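Next comes just one chain, in structure tokens: the form predicted on its own.
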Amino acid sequence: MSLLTVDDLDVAIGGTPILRSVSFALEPGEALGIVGESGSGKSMTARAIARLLPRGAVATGKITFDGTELLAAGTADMRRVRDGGISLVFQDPRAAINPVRSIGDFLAEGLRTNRKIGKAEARRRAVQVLEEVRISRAEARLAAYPHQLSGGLLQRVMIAAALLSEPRLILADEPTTALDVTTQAEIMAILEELRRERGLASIFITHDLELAAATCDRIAVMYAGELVEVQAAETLLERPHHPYTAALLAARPGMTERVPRLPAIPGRPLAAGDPIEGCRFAPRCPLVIDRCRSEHPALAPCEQSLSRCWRAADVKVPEAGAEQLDHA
């Protein structure tokens, strides 16, 4: 039985569609990467799962976590899900941690409020989890305030806070975006190590397709509020089945060869609320045919992938500098 099932999830804000028919399943211990451009719906998907949508948002469809239907769950049920079921690691830890409270208070609050754990035991657990995420002098760090820690240390504190509730699923929303490359690698290594040690499932949201492929079991590619491809990470890099995935792969800088110019995807990203009859990637697609402009494709099997494309079998990764993608 899947730990998490998302079935035909639609989200609208003020009548404007943000997510359209998002469906996927996540098994216990599995890592799923969600990749796409800004505004594609990655973070909104995570927030819908955690029931943390902005005011005025309307979500329909079905999200089931460990037998609980989340969209229909009451406040008490959602509190239980968040305390021992689902934890979040946000993109900007400085926006998520109260700047006038110490790190120790931030970490102990949930334990003392939700689990009625005493002050000494909450402090002991906070020190233990800080050591798990490789923060030195963990005991002394409890007295520090957010402004006294670097971005990398604060993100480790956020991971520690997520682990304190002993979750089964971690939603990591671009946890490395504002960090330097070395710190990014350290944070991802910590998340991956802890996931495997604790048997956690995870959803990792990122712009970095290469990073997602290196750390996740499967990758879901989003475009304009829809999933356009879902495939195992080990095969997606070599054999994509959607033109958007192929274009993202072609735009990666190479490590062994130089090219005069990296391929770019022509046109502009489509907003999720923009009306369009056919495929939402059709205005930018090098493989577009008349059917693409008039009929909206479903997310359907193609070899080892699920792809939302009428020409999924014809998709190839263009070579660097290929003319078909170099006319932005």
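Don't overthink the numbering: it's just position in the shown sequence, from 1. All values derive from a computational prediction rather than experimental measurement.
Form predicted together with a small molecule: not shown, discussed below.
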Considering the small molecule in the model of the complex, which of Pro301, Pro54, Gly267, Pro28 comes within 4.5 Å of it through any heavy atom?
Pro54
Which of Gly278, Pro286, Gly39, Gly61 has a heavy atom within 4.5 Å of the small molecule in the model of the complex?
Gly39
Out of the stretches listed (41-49, 292-300, 65-73, 278-286), which one is close to the small molecule in the model of the complex, meaning heavy atoms within 4.5 Å?
41-49
Is Ile18 close enough to the small molecule in the model of the complex to count, meaning some heavy atom within 4.5 Å?
yes
